[in-house]
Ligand code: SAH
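Given next, in structure tokens, is a single chain: the form predicted on its own.
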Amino acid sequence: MKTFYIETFGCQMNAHDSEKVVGTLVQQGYAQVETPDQAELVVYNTCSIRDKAEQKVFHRLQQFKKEAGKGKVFAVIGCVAQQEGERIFERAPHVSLVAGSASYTKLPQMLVQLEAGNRRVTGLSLDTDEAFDTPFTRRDNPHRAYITIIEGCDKSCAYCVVPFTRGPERSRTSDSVMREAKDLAAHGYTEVQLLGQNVNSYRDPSETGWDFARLLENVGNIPGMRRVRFTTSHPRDFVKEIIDAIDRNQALCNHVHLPVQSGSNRVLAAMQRQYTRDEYMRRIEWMKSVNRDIAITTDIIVGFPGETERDFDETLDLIGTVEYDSMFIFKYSKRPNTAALQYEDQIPEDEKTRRLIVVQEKQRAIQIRRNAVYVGRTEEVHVEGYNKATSQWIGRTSQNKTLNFVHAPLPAPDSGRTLVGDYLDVLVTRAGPNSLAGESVAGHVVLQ
């Protein structure tokens, strides 16, 4: 049997894309193996949102440069593939397949070319009408699943390569999204995450005409669906109807990821983010005014070209005002084809590092305070695994917080019984900056 190895870099969109690629490869007669050494076909599903992620891919390829002559075939797919195109063949001559995410439906035809000995196979078209309809998906988790509802982005932020690697925004029909979600629920999946580079710009292209808030609520109304998450959002398209839907529907999780990037209006304008600080804060007020305990997370970029110390202080002030439950913090990274590449006043690397550390320390203190509030509360968790080293189960709350807990009695080792996939009430007894700890509440186990 033909063998393959796949390594995935980047976001949940890439993780779900890899599920589609794996499903297609298995359907085509390939068997997945655990290491690249064991594989005939080595696939790297790549991310180009940061320079560091891109460099990791070429580092991996360099490690196996001599293996191509021994019958091993290499494929680079995803965002770096779309961004670099056929230049990858020059940079890494042992690569045989370069394909962007819009071409995964054509993967069977590309495999035929590889197996026939073609060593420069490409799939780089952004003509994406069939992008959502990959017929074979191998789900990595039997209880939680991803559903792509929109691809691409039209926002053209000055630092972002997504419009060049994923193309313009294209939404699925609401009928196809609902059909996939209902099928997942029928097969025992209780949690789904709706995915897109900008989920809240979703617009149903069919006559039904649902917007994102309507789609979100309808997915939450599917029988058997316990939790619905979504990522990622752009503040410009984040409307109050989304929060109203969350407030009404218990299946919609108490968590919103709303990237702000900067607290400075001047920097936001340079980033071409299309909103002001006040407009962003209005959305935060919507979330804090409802009855649900909504956890708010964000992305921050430090060291954007021209960011002054005053701009940076305004970001710190916004962080202190919002008090995010967690955040992803990045140093600005130059990306090809983006407007910011031509900006003057580039910030020195050591200054970007200093600002990164300052934000990290401030956010850590906030997370310690935010998480301490949960001590003494009982939270429902969706159980994800078991840590033998600590004898604790690992669960996730509706707010997307990791909660490690003890549960007695443990399932007998030979019983075949596991708590993974179950929903349990857990009393929070301790809190740290990145997670909670607790004990399950006796007698309350909600099975799927």
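Don't overthink the numbering: it's just position in the shown sequence, from 1. Every value quoted in this text rests on a predicted model; they were computed, and no experiment measured them.
The following text describes the form predicted in complex with this ligand, which does not appear among the structures shown.
Residues of just one listed stretch (305 to 313, 258 to 266, 112 to 120, 358 to 366) have heavy atoms within 4.5 Å of this ligand in the model of the complex: 258 to 266. The listed set 94, 170, 234, 277 contains one residue whose heavy atoms approach this ligand in the model of the complex to within 4.5 Å, identified as 234. Shown without its partner, this chain lists 351, 140, 317, 299 as candidates; in the model of the complex, only 299 has a non-hydrogen atom within 4.5 angstroms of this ligand. Contact check for residue 419: every heavy atom lies farther than 4.5 Å from this ligand in the model of the complex. Among residues of the shown chain, residue 82 is not one whose heavy atoms approach this ligand to within 4.5 Å in the model of the complex.
This ligand in the model of the complex is not approached by residue 41, whose heavy atoms all lie more than 4.5 angstroms from it. Although the partner is absent here, residue 56 is not a contact residue: none of its heavy atoms lies within 4.5 angstroms of this ligand in the model of the complex.
Contact residues in stretch 170 to 196 (any heavy atom within 4.5 Å of this ligand, taken in the model of the complex) are absent; none meets the cut-off.
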